[in-house]
Structure formats: C-alpha cells, structure tokens
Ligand code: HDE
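Taking the form predicted on its own, here's one chain by itself in structure tokens.
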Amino acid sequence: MKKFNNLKINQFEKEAYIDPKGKTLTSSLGVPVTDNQNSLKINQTGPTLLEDFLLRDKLIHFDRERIPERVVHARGVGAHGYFEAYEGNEKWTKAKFLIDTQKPTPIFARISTVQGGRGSADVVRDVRGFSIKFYTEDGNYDLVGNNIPVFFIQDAIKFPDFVHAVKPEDHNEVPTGQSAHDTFWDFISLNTETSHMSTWVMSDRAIPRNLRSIQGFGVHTFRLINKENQTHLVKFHWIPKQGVAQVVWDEALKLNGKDPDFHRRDLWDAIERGNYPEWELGAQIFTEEEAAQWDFDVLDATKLVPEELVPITPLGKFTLNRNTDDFFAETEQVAFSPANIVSGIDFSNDPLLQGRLFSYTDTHLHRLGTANFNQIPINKPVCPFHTNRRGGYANHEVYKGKANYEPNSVDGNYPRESSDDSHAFRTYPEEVQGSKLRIRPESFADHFSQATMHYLSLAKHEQQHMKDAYAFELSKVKAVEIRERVINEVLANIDLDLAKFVANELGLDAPSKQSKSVKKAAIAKSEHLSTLAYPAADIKQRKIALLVHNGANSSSIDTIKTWGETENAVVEVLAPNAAPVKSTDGKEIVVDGRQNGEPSVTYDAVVVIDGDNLDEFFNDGVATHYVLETFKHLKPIVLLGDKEALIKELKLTQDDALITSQSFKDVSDKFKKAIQNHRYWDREDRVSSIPA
C-alpha cells in the first residue's frame, strides 16, 4: 500500500473540458462500447432485453437532458374529444373500446413539432407528433404516433444520437426549430437508414397548412388479439375528414414571422366555432405469414406497408370537440407512452418500439418529478384502479386498509389478480428462442427502395417541392463534404434526377450513377402517398378574406357572408384600417380587421369586393400586395365587377382559381371547388417572378 502514499487525488480527477478526438466511446461509467448501433435482442428479430444496460444507460441520460420542457415534442397543442367504434371489429380484437359501438370513448389528443422548444414557431419544416390518449373502461390506451408513416432510425439505441443531431448545435444553440444545419445532415449522410424518412421531412407533409388537415400514423407494427386469441399484425392510420393540406415554402416563412402561433390558434378557433375536426381511425391488418412474403420487414420502422398490399380497414372515428381549460395542467402535463395498452392490443418486436416502451415512461418520471404522474387529472384513468403502491411525491390517493402487498389475508386478499380473460391484459405467448445478440437483421439492410417509391409516387409539383427542400436545407450546411456525402450516398441512391437537381443548385458535381447497388421496391408507386389522394369533402373552417375600401358594394358582402355561413366557412371583412368603411349606398360596413394586420398567409382564399373605388384600390400598395401574394401562393381569388381590371393592372394570368364575375352567386360553386382543392398547382410555374 505504501506505493500509493504519495498519489495525488487530482490524478483521478477529470478535466473540465473533454476532447473526444481519438477517444473510444464508453458508457457513462467508462465501459467501452463495441456496438452503439443495435440494442440487445434474442436472435435477429426477437424482443429487446431489459438487461441491456448500455441501452438503458443511454436512454436514461437522454430522457433527463431537458427539464422541465420535453426533450422532443416540446411545442404542442392539445384538445379533448371522443372516439366512436364501427361495427365488426370483434373479428380482430377484444379491446372493448374498439368493439363497443354504443358508448363513445373520451380521448385527449396532443399534436406537436419535434425539434423546437416551447417558444419556437408552429409552421416549421418538421415532423408532427400526433398522440391520442383513450380513456377506456379497461384502462388508458395511448396511440403515440406521427403525421409521417415511418421514422428516421431502426433501433431505439440510436434515438439519442438522432435527436442530438437534429437539435440546435451545442456550441451556439442554433438553429431553433429547424433541421437545416450541419449536424443533422451529417447524421443523415452517415446513417442511410434515415433516407426514406428524409424524403417525408423534405415533402409537403412537413409543412402542414393546419393541424386539422394532417394524417396520423402509428409508425410501428402492433398486434390485435381477439377473444379466440387469434392475432393479426397491424399498422394504425388516422385520416382527416378535412383532407390533407399544406403551405408552400414562401408562405411557411412568412407565417412563422407574422403568426408563430398559427397552428394552435387555428385548431382552437375551429373547435370554438363548432367546426369540430374529425379523423377516421383505421388499420392495415395482416398475418405474419403474409408479412413474410413481402420485400421489406414490418418490424423495420423505416418502412411502410403500401396500401396496394393491404388496404386500410376502418375501425372508427374520433372527433376533437373541446378545448383545454388550462394549457399547463392538460397539454403540458399529459404523459403519453406506447407502453400504455389494454387487453386486445399488444406489441411487436420492432426494436425502435421496444426501446420506446421504456423511454417514454422514464422520461415522465423525470419531467413530471414523481412516480405518481398518472394521478394528475389529465393522465388519470376514468375507470376504477387499485394498486398496492403508496407514498411518493404528489400522491393524491387516500387508501384504506392495512395491506399494501399481495397476496394478503388482512384485507381479504384485495386487490387481487383478475381471472377475467375478456378484459385483463395477457401478453401474446409468442415463442422466442435463440442467442442474445447485438445485430441488425439482414432484412433491415435495404435503405433506399421505399424512399424511391415515395419520391416516384408524388405528383410533379410535390417532387419539385422535395427537390427545392433538399436544396434549401443543404445550402445551410457549411461543410462541403457533408453536402457531397448527402448527394452521393443518399440522394443518388433514391433518384438520380433528384440528386442532379440538388447538386446543380449547390454548384457541386452531379452524380452520374448510384453509389450502391440498390434494390427496387416491389411496389414501384403507391397512389396513397401523395397528398392529392386525400381531398377535402367541404370547406368547413376555411378562411376567406373580403378586401374592401370606401365605396364597396355591401350587397356583395352580405351575399358572401350568408354563403359562408351555410358552408361553415369563416368569412372576414378586411379594410385599410379598423374603422368602418362606407358602402356605395352610404351604409356603414363594420370590418373584422386591417389588411396590414391580417395577412394573406393566414387565409385560404380572397374575394375583392366590387364597388365605386377602383382607383383607391390601385393606389393602395397593401391591398395590391395582398392580391399578388395570394396569387403567388396559388390560392383561389375572386375579382368582382370592376375589380376584374386588377388582372391587367397586376399582370396576372387568369386560370381556374382566378375567377371574375359581376355576381358572386354566379361563381360560388366554382369558388367552393377551388377552395376544396386548396391550391391551384398548375399556376406554380408562372408565379416565380411575382414580387411578394
């Protein structure tokens, strides 16, 4: 022991600044890590093991990196509603809320962005989390999904790496709410399993017009189990009755400056007006034998099941009909977890899902500060619950009796285990045997075929938007080698035309061939992947701006307002300032806002009201810009009466969504159809030179 007598304690102390260059990756306790890509499983496709201390070490630290704000999905909006089941679901599941058609199930939904913090803007290019808590009679069930059907990574052990890469960079905490920076694209270029998901984030799906018009996806493969213990694999979908809609990029940039709360305001206003948004909940249902025949692995979260292989079976619909009373108590304190399931539903061995089953609950323990977070009213079940758990921070339950253990004799052995197979949860007895391995299945090796399928399935304008998005994002990347790697190792293997366009935009050499031997997807195109596959059935809650000046025709305004009420649309009169304007017959017209304060990007269509004021309109730069910007953003415009002269004055080109008429009644049906179509995409090639 004498040889340690002169040892200074600081020889064991660590430096304040750690330089990672040349160092071996270890756990938080210094254990060298040989595989940071795969969690520990039984065989290649078996379930993930709880003993994987490296997975837990990584996730536990990651779950506690931000307090009290969520690490991801920090900026969200929530609303209450209800779910109604359709007939016939008992053939698939014994989950009571899916088979009881007589009683609606209360729900709470939270929709959020991923990257930005609570103070970031709404209309950023990002994934939208879309989670639903079903308060069923057999306990809470959480369907924790996104507005995109796949994810970036295949194994949960990579989730902290992905989020670290997409979050603001550590040295300067920039950028907020964006993925257009070096570390994100460095991760994408070095982890090509992200290729498919990157096409979705660069698509129009990542800049939705509003939260009422987004699809939802469970992402993972789950199981449904019926009363006969027959099981089927499923992929969950929720399809908006309002249709799928998006903004154009120029519009997104302006919305984030002019109304950073646009999405949450829109959802709140729709519910307050009684224009309750609705979605149909459905599932792709298939057997393991069917899945084994496909050219992809359904346990791979970077893959979707094309609807050409398995159509969606409708299970029910849900409606959001009540806003929150307290944003913090409800939206901020709600705790979702894919581990919250009920009898009739079970998990698959998807390695990303397996890690989420641990990580979400662990995050809530940290973020909400107590193991009793399920006693918070927004998380509390509506059904009776009885546990033997006592104490802890913020315990709200008062228990009678002596026993807090089971079995017991002092309290009649209550609460006791359930013997009711119809409602009690029983894990599906899947047979598993094999070696404990850290390995990625060979069936997960295809990183590009479905990315190509997605790109080829899009309409021409959607493909162009994706090209522009990749070019914009990569133009913000400072390291040329990262740009080149994305183009050559990712985009070229998705589609050479895509890669060449982006390379040319960035002034780089365009690849002439793919860098890898890429498998072709069995389904080359899927019509269900384009937003055009989900048109709106009506114009409920669509917002229409009526531009007026002194001398406006009040009868036209009255006609449009009456029409708007019958269509459940929102019609608002906008003038140069908030003061009433005088009509052609001297009446006072009350206005709803200023044209300079209620920008065109917050409306879905514009009508320029006729009257005796054409020169006044021409001389109003705000009003003419309003029309130009609306036209550039491909939205419907009606020019009534004398305002037809704006076409020549502003050098516009008339089309099916630029409508002129002496009477609104004569064109109301055409205008409605144009609003339902959301955008007039054929106009896009002609508007690039319009100043807006």
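This one's a predicted model, so the numbers in the text were calculated from it and none came from an experiment. Throughout, we count residues from 1 along the sequence that is shown.
Although it is not shown, the form predicted in complex with the named molecule is what the next lines describe.
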query	finding
Candidate stretches 567 to 575, 360 to 368, 376 to 384, 282 to 290 - the one whose heavy atoms come within 4.5 Å of the named molecule in the model of the complex	360 to 368
4.5 Å heavy atom contact, residue 601 and the named molecule in the model of the complex	no
Residue 483, heavy atom within 4.5 angstroms of the named molecule in the model of the complex	no
4.5 angstroms heavy atom contact with the named molecule in the model of the complex for residue 470	no
The named molecule contact in the model of the complex: residue 448, any heavy atom under 4.5 Å	no
Partner-contacting position among 277, 116, 344, 218 - heavy atom within 4.5 Å of the named molecule in the model of the complex	218
Partner-contacting position among 617, 134, 151, 318 - heavy atom within 4.5 Å of the named molecule in the model of the complex	151
Contact set, 392 to 416 vs the named molecule in the model of the complex - heavy atom within 4.5 angstroms	none
